[in-house]
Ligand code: F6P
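Single chain ahead, written as structure tokens, the form predicted alone.
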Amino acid sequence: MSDAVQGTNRPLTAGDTVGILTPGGDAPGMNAAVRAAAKIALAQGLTVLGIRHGYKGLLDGDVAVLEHRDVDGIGRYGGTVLGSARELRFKTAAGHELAQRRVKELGLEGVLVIGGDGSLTGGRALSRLEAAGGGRLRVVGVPASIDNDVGCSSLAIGVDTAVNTIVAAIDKIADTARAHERTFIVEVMGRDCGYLAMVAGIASSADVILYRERGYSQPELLAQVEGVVRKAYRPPPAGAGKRMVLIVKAEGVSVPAEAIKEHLDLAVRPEVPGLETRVCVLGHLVRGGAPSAMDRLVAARLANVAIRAIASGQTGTMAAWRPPEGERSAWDPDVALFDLDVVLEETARVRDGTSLVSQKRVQLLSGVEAVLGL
């Protein structure tokens, strides 16, 4: 954890202005974070600006003053009421110059950034700007990504809801798979991180869980899946005599789901006459829906620490939920503040599989698979 979390700016006082934005991909629970942050800031006498459509809204000056009535009840909604958009201009020097002008025009002393690695990268750039009243702009991030690929935080906003959505969908798919004695390959989101597939696969009693971090080559992966399917459909005692097979695949696995289906149809159908294999890509269905109680709680507690850190003068940091290491915040025993440089470096390691967190996830899942016979 960097010394930067201590901050050098003066604490905010009543009448100072803070902004809240939700750039990048949406995640269930973002609105709960917006609500908590706004409520806490307003209670301290701060003026709160909701910045619409992420960094695009900041560059365009598209903002709205938020009062208590504006955020009441929004925590139960999925998506983000502030809206989100990709903004390539913010990645340029000209975009940073325009952002600096907007910060001055809007009177911003601090900004809360709620999002994933791209959003937090933008937050790091924002923290290098000058606040309206001088000194560094106070910028603190809150991790929100259904992929759970943000470094230093054991959980990001949206993950719990996404896992529950996947499990509910697979339970429904299992009904039709069992009725028709079919093999289903269910692909879930997650980019390069296989966390959603890992957790949802175990929770939904999948027969095979495929995730990029395992490091299988295409031949090894196809051989594993083929072996499981063969054994599943063989009658006892040589096999399990199953009526269906469920395969959960993370989108980061390089072998396409259709290629797995074609291989199974060619390799296993001669032994299992009438074998039918189907592919179901859940896609953006996983992003939607009302946030779970867990996501609402985590979002509120992270936002609480983040907005208080901004008010105390800190900048260039992120509030992390139950990190594997790091000193916990005085405002919440389950939350710690990490320098954004540290967060982004660890995020890169989580995504390429070299993080100790990623390796422990693989070890844990491998142990569970061994116990369950997967």
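Remember, predicted model here, so these are calculated numbers, not experimental data. Numbering starts at 1 and follows the sequence shown.
FYI, the form predicted together with the named molecule isn't displayed, but the following is about it.
- For the marked spot (146, 189 and 251), a heavy atom within 4.5 Å of the named molecule in the predicted complex is present in each of the three residues.
- The contact residue chosen from 178, 128, 89, 284 relative to the named molecule in the predicted complex is 284, the criterion being a non-hydrogen atom within 4.5 angstroms.
- Comparing 138-146, 159-167, 217-225, 89-97 against the named molecule in the predicted complex, the single stretch with non-hydrogen atoms within 4.5 angstroms of it is 138-146.
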